[in-house]
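Presented below, as C-alpha cells, is a lone chain in the form predicted alone.
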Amino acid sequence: MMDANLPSMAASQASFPWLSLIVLLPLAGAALMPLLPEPANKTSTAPRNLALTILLADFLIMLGVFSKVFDHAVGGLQLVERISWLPFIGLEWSLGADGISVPLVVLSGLITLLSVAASWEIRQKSRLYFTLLLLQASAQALVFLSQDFLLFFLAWELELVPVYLLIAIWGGTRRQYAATKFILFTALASLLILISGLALALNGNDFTLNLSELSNKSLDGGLGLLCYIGFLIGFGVKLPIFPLHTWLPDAHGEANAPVSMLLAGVLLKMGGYALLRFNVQMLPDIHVQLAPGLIAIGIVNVVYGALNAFAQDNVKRRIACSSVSHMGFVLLGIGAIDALGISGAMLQMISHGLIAAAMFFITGSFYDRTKTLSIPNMGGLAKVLPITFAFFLASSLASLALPGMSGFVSEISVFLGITSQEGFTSLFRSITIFLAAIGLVLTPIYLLSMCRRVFFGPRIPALAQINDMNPRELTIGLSLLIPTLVIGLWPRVAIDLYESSTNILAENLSAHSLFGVSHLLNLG
C-alpha cells in the first residue's frame, strides 16, 4: 500500500483548465473537419492545413503551460481538474499532470504534429485521414493526463480506433491482416486492464475510480498479485513485451510512415507509462517482489528483439524489431526499483520516441522515391540520396546508443540502476548486465549492416535518378534529431522534467522490504 501522506499525492488545483484545453483542442479540430467542403479533386490541402494548424497550436500551448505554469520541482500532481461527469457510475473528468506524464504529453504532441507534416501527399479520403489523426492526438493526451481509471480506460480504448482505421485504409497490401491483428491483441489485453482496475476500485468499503485514491487502498497479497499480472499483460501488449509483441512488426510493415511514427513514438510509450502509473505506483509491494521477473522479461525483449531484427529483409520490420529490443530497457529500468533505474526507463521512452519516429520518417522518405522497402532490392542510395543517408545514419547511431546521443544516456542509466540495486545479489546483477550487453553488441551490427546494404553496394539502375529530401522533410528530420542530440549532450534538459516524480516512486519502493527479492532469487 502507498502511504497516504506521500508527497506524490499532493495536488495543486488549476486556475485555468489548461489540461482540458490540451486534450479537447484536437477534438474540436476533428469536429470542424466535416464542415470543410468535400474536395472536388485530389489537390485540396484544406484538411491537412486545418490539422496542422490545430496541432501546432496545441503543441505551443503544451510548451507554454509545462514551462511557465507547471513547477518541475514539485513531484506531485499539478493543474488538477475534477468535474463530476457521470456520477451514477462514478466517472469524473479528472485530469492532472506530474513529472511522469508531462514529458510524454509533449512527446506525443510533437510526434503527432510531425506525422501530419509527414502526411503531405495524402489525398485519398483526406478529411477522414486527418480527422483520425486529430482524434488520436486527443486520446493520447487523455491517456497521459487522466486521473480517473474509467476515463483512462476510455481514452486507452479510443486511441485504438484511429490507429486501426489508419492502417486498414491507408496501409500496404496486407493492411487488413495487420490492422485486425493489432486490434485483436490490444482489445483483448484491454479486458485484463478493465478487470484489474475494477477489482482495485471495488476492493474495500469505499468504491473509487480516482487513481490517487486507488494508490492508497490496502490490498491482500492474492488480489494484488492478480491485479499486477493483469496490468502487466494488458499494458505489456502495447509496450510490447515478449511474446505479446507479434502484432508490432506486422503493423509497422503495413502502416504508412506517419502512422509508424505514431506507433513507435507514442503508442509504445503508453505501455511503459501505464506500468509506472499502475504497477509501480499502485502496487509497490507486489512490484518489489516481482521485479526480478520483470527484469528477466526485459532481458528476453532486448536479446530476442535484436536477434529477430537480423531475420528481417524489410527495412520497417527490422526497425520494428529493434523497437522490441529497445523497449526491453524500459522494463529493465522499471524492474531496477531505484531512482536511477526508473529515471533511465523514463529517459529511454523519451529517447526511443524521438529516434524511432525519425527512423520511420526517413524510411518513408526514401520509400516515396524508391517504392520498395526490401533491403535486397536497394543499394547505392548514398550517392543519389546523400542527405537522406546522413539522416538515416545519424538516427541509426542514436539508436545504437552512440555516446553524445540520447540513447546512450538512457541505457547507461538503466545499467547503473541495476548495478547499484543492493537488493539484488551480485550474481543476478552480473548475469543481467551480461545478457543486456549482448543486445547492445547486436544492435550496431544489424543497424549498420542495414545502412551498408541500403546505401552502399551495387547501385540499382532503376534508382539512379531520384531526388533527395526537400526542405519540408529536412525540417521534420531535424525536429526529431536535434532534441536527440541535445538530450545526449545535456541530459538534464529532459531529466529535470520528471526527476522529482520518479524520485518519489523510488522512495516509496525503497520503503518496502527487499527481502522478497533476495528470497525469490535465492542467488549468491
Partner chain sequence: MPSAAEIAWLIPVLPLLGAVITGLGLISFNRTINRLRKPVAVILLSCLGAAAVLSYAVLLEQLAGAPSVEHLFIWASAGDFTLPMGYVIDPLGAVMLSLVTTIALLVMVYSHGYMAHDKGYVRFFTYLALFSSSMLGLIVSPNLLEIYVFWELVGMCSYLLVGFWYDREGAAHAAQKAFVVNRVGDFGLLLGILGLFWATGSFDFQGISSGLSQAIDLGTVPNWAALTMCLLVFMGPMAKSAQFPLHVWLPDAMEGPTPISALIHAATMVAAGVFLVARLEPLYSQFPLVGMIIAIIGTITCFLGASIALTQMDLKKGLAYSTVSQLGYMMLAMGCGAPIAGMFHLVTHAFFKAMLFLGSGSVIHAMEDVVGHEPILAQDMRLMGGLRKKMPITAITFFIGCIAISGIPPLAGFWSKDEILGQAFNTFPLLWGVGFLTAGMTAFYMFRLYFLTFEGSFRGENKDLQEQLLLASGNSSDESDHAHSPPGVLHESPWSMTLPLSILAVPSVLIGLMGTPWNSRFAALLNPEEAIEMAKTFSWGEFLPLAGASVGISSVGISIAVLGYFLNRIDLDKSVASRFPSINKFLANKWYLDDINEKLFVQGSRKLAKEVLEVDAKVVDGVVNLTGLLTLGSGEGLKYFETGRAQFYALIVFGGVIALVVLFGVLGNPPN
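What you see is a predicted model, and the numbers here were worked out from it, not measured in a lab. Residue numbers count along the first chain shown, from 1.
Here the subject shifts to the form predicted together with its partner chain, a form of this protein not shown in this document.
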TL;DR on 70-78, 363-371, 130-138, 175-183: the one with heavy atoms within 4.5 Å of its partner chain in the predicted complex is 175-183
Examine Leu474 and determine whether its closest non-hydrogen atom to its partner chain in the predicted complex is within 4.5 angstroms.
yes
Whether Ile83 contacts its partner chain in the predicted complex should be assessed with a 4.5 Å heavy atom distance threshold; does it?
no
If you check in the predicted complex, is Ser20 within 4.5 Å of its partner chain, heavy atoms only?
no
Wondering, does Ile495 line up within 4.5 Å of its partner chain in the predicted complex on heavy atoms?
yes
Note: exactly one of Ser108, Ser395, Ser115, Ser343 sits with a heavy atom within 4.5 Å of its partner chain in the predicted complex, namely Ser343
Contact assignment for its partner chain in the predicted complex, among Leu440, Leu226, Ala296, Ile233, heavy atom within 4.5 Å:
Leu440
Taking its partner chain as it sits in the predicted complex, which residues of 429-450 have a non-hydrogen atom within 4.5 Å of it? Please list them.
Arg429, Ile433, Phe434, Ala437, Ile438, Leu440, Val441, Pro444, Ile445, Leu448, Ser449
